[in-house]
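The chain below stands alone, shown as structure tokens; this is the form predicted on its own.
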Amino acid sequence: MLEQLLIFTRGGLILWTCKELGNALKGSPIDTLIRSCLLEERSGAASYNYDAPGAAYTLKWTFHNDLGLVFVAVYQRILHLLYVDELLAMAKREFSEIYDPKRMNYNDFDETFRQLRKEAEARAEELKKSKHVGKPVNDGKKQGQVKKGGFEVGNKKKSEANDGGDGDTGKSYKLENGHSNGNHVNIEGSRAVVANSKENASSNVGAFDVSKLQKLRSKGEKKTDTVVNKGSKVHPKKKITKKNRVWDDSPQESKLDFTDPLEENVNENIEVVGTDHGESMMDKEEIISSDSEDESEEVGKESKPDTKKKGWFSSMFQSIAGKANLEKSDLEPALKALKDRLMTKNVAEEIAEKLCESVAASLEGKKQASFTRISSTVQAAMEEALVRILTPRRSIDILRDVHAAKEQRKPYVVVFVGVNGVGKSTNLAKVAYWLLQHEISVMMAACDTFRSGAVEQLRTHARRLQIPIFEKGYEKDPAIVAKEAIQEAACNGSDVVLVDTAGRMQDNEPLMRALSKLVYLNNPDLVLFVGEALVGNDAVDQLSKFNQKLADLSTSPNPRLIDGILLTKFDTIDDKVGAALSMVYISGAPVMFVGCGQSYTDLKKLNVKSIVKTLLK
């Protein structure tokens, strides 16, 4: 049964709800749909599943882009209602006829909707009955064909003799040859086919011959035997290594080892940084060049359809007068060009496709303005969508959160997670340097007890920055080490604890379980995912599986997921900035830091306008 149907404007004004249904929805499925699907440019999806305590809903929707209306239907997921799409389409058609922007009351639509629902339910029942009636007949035919193919292959001559009598038997005979001797080959059937391969040679022109396969297998076995026998006789040759040429007058070679054997003066060689490196790039405003390049020309050239060529007068007239309503076929060429462009900028293919579907859904049926081309309309819609996705939905002011935690007399805890080799420890030191610039006391926690040299690496950063480090060595439980580090920071009065964790692949379940335990046990204020800007399609897999594992392996009913993203190696990608879009789209978490170099000052904020301009350039 349908739980609810709502009609509201894109501004959020509810115009009509079905009073006849009147079911109180558990949770807030409509708000969640708007927040996490419609505003995040995921409206190209077919449906949205919402889980609430004691209920599981499926939501379907459609737009009237010209009028700016949204139609949403909610029903129990277990029901699988077949008529919802048709009901939404009919409600959209009928309501658009009576819609007036100045009108607020649509009580007269109740009776119209009641009739529409009855019609849709009746059609769905008829469709279900027709399917039930048609199933046994088809199943019977298929069973008969399988039986013939499996056990009655020897009686082919009888069927050949009676072929001219009945048209249906002729059809079944053709199907029999096509399926039993071709695609559906079981053990008994394959033996029969091998036995009767000469009889059926004329009829089985396109079928697969099992006897040929057996001959090929036997030949392959013989060849492998001969190769093994030959190999057993011939001894394997030893690998010949080339020796260096020795000249008569040349001195003896000395081993090139320039490592310092003295371990006592290690601390003296470490440079103390303090505040010598200057101001961090986080506190500098990035200047964007104001020269606006008109990219619509290029999109227009790429998106020319290959169908009919229009004359210059008709195209000019259409651009002046504007088109009545944009159709999907009109948008496809421009969207394909934009999708290819996004993929060349390193955006994951799945994300680029979903974005284009969402833009198409927002433009379909909308009236095109005068003196505009479809390509420029599509590009403007895509630009608006990209800005909306990349703009953080919540505050990412860490300094304010740190001061708020300081007032409560507890340390602000940040956990750095990610795959191997992305630069977690290095960028942790950059964040520590930036916090030191704002006179915030920082302590590092060496919780990477898995990788050799990880504790020494963090210890080196701590010495250079002159900040305390909490370490317990290797092969310890990282969750316990982090807990003791937080307790130590609370005693010493440190404002922020930066927790370094081991790099782990998203499919490594033991390490992911340890990470889930660390997050659950310590409940950090911020979980930062450190990812490379170099990745393409793998960004989707990494972030989605990290979130999935943190949710699945957590013992808490409300598990902590990734709160923010730190994008590293941003200075190595030129204009291939698509990883930022892929990561934000798949996780919904904002990019809080961008690493763009090797020194402590090379950390900056993500400039959304610059990224969008680069993606569409």
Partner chain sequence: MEGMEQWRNEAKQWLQQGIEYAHQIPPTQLYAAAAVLLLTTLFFLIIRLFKRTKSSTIVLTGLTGSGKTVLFYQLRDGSSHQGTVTSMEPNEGTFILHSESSKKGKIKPVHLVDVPGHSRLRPKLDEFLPQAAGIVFVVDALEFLPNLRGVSEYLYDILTKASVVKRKVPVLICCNKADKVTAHSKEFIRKQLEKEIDKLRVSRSGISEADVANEFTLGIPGEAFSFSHCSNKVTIAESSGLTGEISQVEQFIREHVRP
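Positions refer to the first chain, counted from 1. Bear in mind that the values here come from a model prediction, so they are computed numbers and not experimental data.
Just so you know, the form predicted together with the partner chain exists too; it's not on screen, but the next bit is about it.
Review point. Among E349, E94, E384, E126, which has at least one heavy atom within 4.5 Å of the partner chain in the model of the complex?
Key: Contact with the partner chain in the model of the complex is made by E384 alone.
**Study point:** Partner-contacting position among A551, A56, L39, A45 - heavy atom within 4.5 Å of the partner chain in the model of the complex
**Key:** None of the others qualify; the residue that does is L39.
Check your understanding: the partner chain in the model of the complex: within 4.5 Å of a heavy atom of each of I30, V70 and R400?
Key -> Yes: I30, V70 and R400 each sit within 4.5 Å of the partner chain in the model of the complex.
Exercise for review: With heavy atoms only and a cut-off of 4.5 Å, decide whether R393 touches the partner chain in the model of the complex.
Suggested key: Yes, R393 lies within 4.5 Å of the partner chain in the model of the complex.
Exercise for review: Mark I34 yes when one of its heavy atoms lies within 4.5 Å of a heavy atom of the partner chain in the model of the complex, and no otherwise.
Suggested key: Yes - in the model of the complex, heavy atoms of I34 and the partner chain come within 4.5 Å of each other.
Check your understanding: With the partner left out of view, is E407 within 4.5 angstroms of the partner chain in the model of the complex by any non-hydrogen atom?
Key -> Close contact exists here: in the model of the complex, E407 approaches the partner chain to within 4.5 Å, heavy atoms only.
Exercise for review: Answer yes if any heavy atom of L13 is within 4.5 Å of a heavy atom of the partner chain in the model of the complex; otherwise answer no.
Suggested key: It does: once the partner chain is placed as it appears in the model of the complex, L13 has a heavy atom within 4.5 Å of it.
Point to revise | Contact segment among 384-392, 525-533, 424-432, 511-519, judged by heavy atoms lying within 4.5 Å of the partner chain in the model of the complex | key: After filtering at 4.5 Å, what remains is 384-392.
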